[in-house]
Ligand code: 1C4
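Quick setup: one chain, the form predicted on its own, written in structure tokens, and binding and motion questions come after.
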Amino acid sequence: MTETYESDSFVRAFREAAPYIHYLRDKTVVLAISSHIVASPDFAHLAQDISLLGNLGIKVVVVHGVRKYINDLMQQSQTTLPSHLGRRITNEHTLIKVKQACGEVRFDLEAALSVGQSNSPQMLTRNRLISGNFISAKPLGVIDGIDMGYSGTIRRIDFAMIKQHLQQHCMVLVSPMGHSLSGKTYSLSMAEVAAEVAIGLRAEKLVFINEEDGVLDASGQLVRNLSANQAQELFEKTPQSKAISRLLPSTLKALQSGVRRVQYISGHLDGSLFAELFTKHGSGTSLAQNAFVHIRQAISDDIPDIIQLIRPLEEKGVLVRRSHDYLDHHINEFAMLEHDEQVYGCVALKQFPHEKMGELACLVVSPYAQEGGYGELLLEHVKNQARAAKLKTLFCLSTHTGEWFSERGFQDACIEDLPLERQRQYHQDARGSHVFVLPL
């Protein structure tokens, strides 16, 4: 019994993950890893998961931080580390420590990412990890009368070289350091480097892996999804940790520049990376330029998704069967609900302009998203469509779900209340469906 339960759980989890794995194949994901996580014992498990991403056909770029390593070195030498506007002021002595810290983090990362997969046919296979002088930098200069020294900003990134290595199935490691044409070295912001790399590579996702779970609301609860505008408002009203607050400017720039998703997760939670990338609810906070859930007009390419949604209900007799040919000819009547690029529902509105009536049909929500309130969103979408078309009444026919519609304001009606064309089809179908109407 236990083995069956575990098997069923695996199958459900794999079915949920499969569309995300397929979607991310051959796409680029940039992982920005806090140095606190690299130094943590938990990093061993995370490193194995990062290695697996490459095996799934995902192009992986790793950008690492150095803050903890620098702080530890400065404490050992009993030296303070001045800063201005959240950036280190890097003098020659500090730069030596920054270089030392950067080298130590890089070697720790390379070692962890070189470990083969345990209990796997690929146990003896080593990841191909490439690093290099990808970034040209320039000094921040003097800010508010303060010379920032060797703290710098990005001048240029050699994206052609990075892409070449990714095409050769290598994982690319980028350090927050840059060099000028005159041979000087500058310390850079990890968040800035990660964002610029993601933008230049047109990455699908930028994932910041920190000690915190993600963004918190006023009550201290984790916020799962945020649009760019929502994030700005929340950060203004609700103080976040310093580590999370530092990420917002780079996050907003990445989203505004075409990176589809920026995600914040905890590196201490085992499996957090897979949960964030390959499940609907994720493990941390996911940010997008626009709202995560949206409803759009269906197109012919959506027909396979519609069939996958409606076929189980057709087989149970809940819905009347619709052929591929029917869907192709009536696709303009359908709308699709997406959550984070994945289809989770559909609905159709057939209009009868002469009678100023519309039929709500084929309202289906994926069984994996029954508790998300998507049915109400689809219903509201159809109501708005009907009002925009100046229809006066919305009606639906149901053999099994009449109670759901009654709870949302629909009233029992007679066949004679339907348009004549729909009455004739009703008798032809001979399904004995109940009729419900909703005045608009």
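All residue numbers are counted from 1 along the displayed sequence. If you're wondering where the values come from, they're calculated on a predicted model, not measured in any experiment.
Below, we refer to the form predicted in complex with this ligand, which is not included among the displayed structures.
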ask   = So in the predicted bound form, does Leu269 come within 4.5 Å of this ligand, heavy atom to heavy atom?
value = no
query = Would Phe43 count as a contact of this ligand in the predicted bound form, using a 4.5 angstroms cut-off between non-hydrogen atoms?
reply = no
This ligand contact at His400 in the predicted bound form, heavy atom, 4.5 Å = yes
ask   = If you check in the predicted bound form, is Leu129 within 4.5 Å of this ligand, heavy atoms only?
value = no
note = Which of 209 to 217, 183 to 191, 222 to 230, 310 to 318 lies within 4.5 Å of this ligand in the predicted bound form, heavy atoms considered? The stretch 310 to 318
key: One residue of His36, Arg408, Lys27, Lys383 in contact with this ligand, assessed in the predicted bound form (non-hydrogen atom, 4.5 angstroms)   = Arg408
Option touching this ligand, based on a heavy atom within 4.5 Å in the predicted bound form, out of Val365, Ile157, Leu140, Met336 = Val365
request  = Please state whether every one of the three residues Ser175, Val262 and Gly282 places a non-hydrogen atom within 4.5 angstroms of this ligand in the predicted bound form.
outcome  = no
task = Can you tell me which bits of 411 to 428 touch this ligand in the predicted bound form, meaning any heavy atom within 4.5 Å?
result = Arg422
